[in-house]
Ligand code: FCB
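There is one chain below, alone, in structure tokens, taken in the form predicted alone.
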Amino acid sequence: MTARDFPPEFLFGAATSAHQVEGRNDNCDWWAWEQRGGSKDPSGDACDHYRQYPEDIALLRDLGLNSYRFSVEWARIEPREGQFDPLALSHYRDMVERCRELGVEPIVTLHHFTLPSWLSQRGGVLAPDSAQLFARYCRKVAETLKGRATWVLTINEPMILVLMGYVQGAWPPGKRPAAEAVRAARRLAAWHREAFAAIRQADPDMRLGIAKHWIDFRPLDAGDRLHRLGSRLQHHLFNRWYLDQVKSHCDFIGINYYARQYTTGLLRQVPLAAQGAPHTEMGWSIVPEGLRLALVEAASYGLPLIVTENGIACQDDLQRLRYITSHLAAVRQAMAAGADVRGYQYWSLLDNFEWAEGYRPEFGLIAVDRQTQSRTVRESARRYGEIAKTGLLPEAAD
């Protein structure tokens, strides 16, 4: 019998987020941001996943995948402060139950970048009571999903939210003074800690974690002292600082990995595409080794790990397949080095709304015709499904 590269219980899956796929999520800060020209395309109907989720989850299962990471939408669940919509809560409970019926493990994210309009108008993350409000919402969701959802992520990529929304200003609320970015980072750490306690009370059996974006920072010139200092500083601020604040309030850690960045100063990086390095349509470098290094270092926290996002925007589906297999090989290498990795979630299940970039980037295992909402399964998805079913990587992945 051929030895498996991954154990039978390994969580092979794909990921989405509510605002990016559901459609007509018009009661959140991002919808308002889009109407003001904050994205190259408005999200509109997105992938109509709010209605088509039963068929989409069945497509995922039919590929051979055994897990699905998706988010629930705070703006739908609590459309007005303190008023929870029972139909929205029932909808997300039904999504989880649909997964269970099909033998798919749900991995639920409670916050994936969007805020209810009422909270945004009160100051968003920086509202004085935002951590308590988030915890109250999380408790309500946990009560609804009690006994149904095991793996739960409180927040997706908190430092990306800080970087894009408070430093670069490409996302809501827009660029702010540096002091507000620092406050936002600290507040988002409090969000997780408060939510952890609230969910524990509602359902002690839920396994709680954070989806942490991890960038592999390297000095552009290893002989340049400033480049080296920049690499260490940015690694600490972006990769380690947040995890250090919440590590005692986690049952596992999710790692979102996409790229390596080369530093040229304390807070500067060089554009990868300009260096002629292999990169995706997003301009992100393609360095599978960075995922191995991220997982090995994250293992030092002594917690189980799940790759909660990893994916490529491209037109060449063969390139997508090579990307998946090479990064899965990096996961296997990290496991061989002792990292307790429990799963891999490709980003994304569907071509979707990619925030400020609109609909141009195509990350999906499944293509979506935005006019007809018809789905087309890509060959890379079928090949990824074969890896999931057999637990075996093709030899070329090494």
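Start at 1 and count along the sequence shown; that's the residue number. A quick note: this is a predicted structure, and the numbers were derived from the prediction, not measured.
What comes next is about the form predicted together with beta-D-fucopyranose (FCB), which does not appear here.
Between beta-D-fucopyranose (FCB) and the residues 258, 242, 262, 151, the one pair within 4.5 Å by heavy atoms in the predicted bound form involves 258. This chain lacks the partner; the member of 120, 144, 280, 156 within 4.5 angstroms of beta-D-fucopyranose (FCB) in the predicted bound form by a non-hydrogen atom is 156. beta-D-fucopyranose (FCB) in the predicted bound form is not approached by residue 29, whose heavy atoms all lie more than 4.5 angstroms from it. beta-D-fucopyranose (FCB) is not shown here, and in the predicted bound form it never comes within 4.5 Å of any heavy atom of residue 196. At a distance threshold of 4.5 angstroms between non-hydrogen atoms, residue 92 is out of contact with beta-D-fucopyranose (FCB) in the predicted bound form. At the 4.5 Å threshold, heavy atoms of residue 34 stay clear of beta-D-fucopyranose (FCB) in the predicted bound form, well away from it.
The three marked residues, 6, 346 and 384, fail to reach beta-D-fucopyranose (FCB) in the predicted bound form, with no heavy atom of any inside 4.5 Å. Checking 325 to 333, 43 to 51, 351 to 359, 338 to 346 against beta-D-fucopyranose (FCB) in the predicted bound form, the stretch whose residues place heavy atoms within 4.5 Å of it is 351 to 359.
Contacts to beta-D-fucopyranose (FCB) in the predicted bound form (heavy atom within 4.5 Å) from stretch 10 to 45: 20 only.
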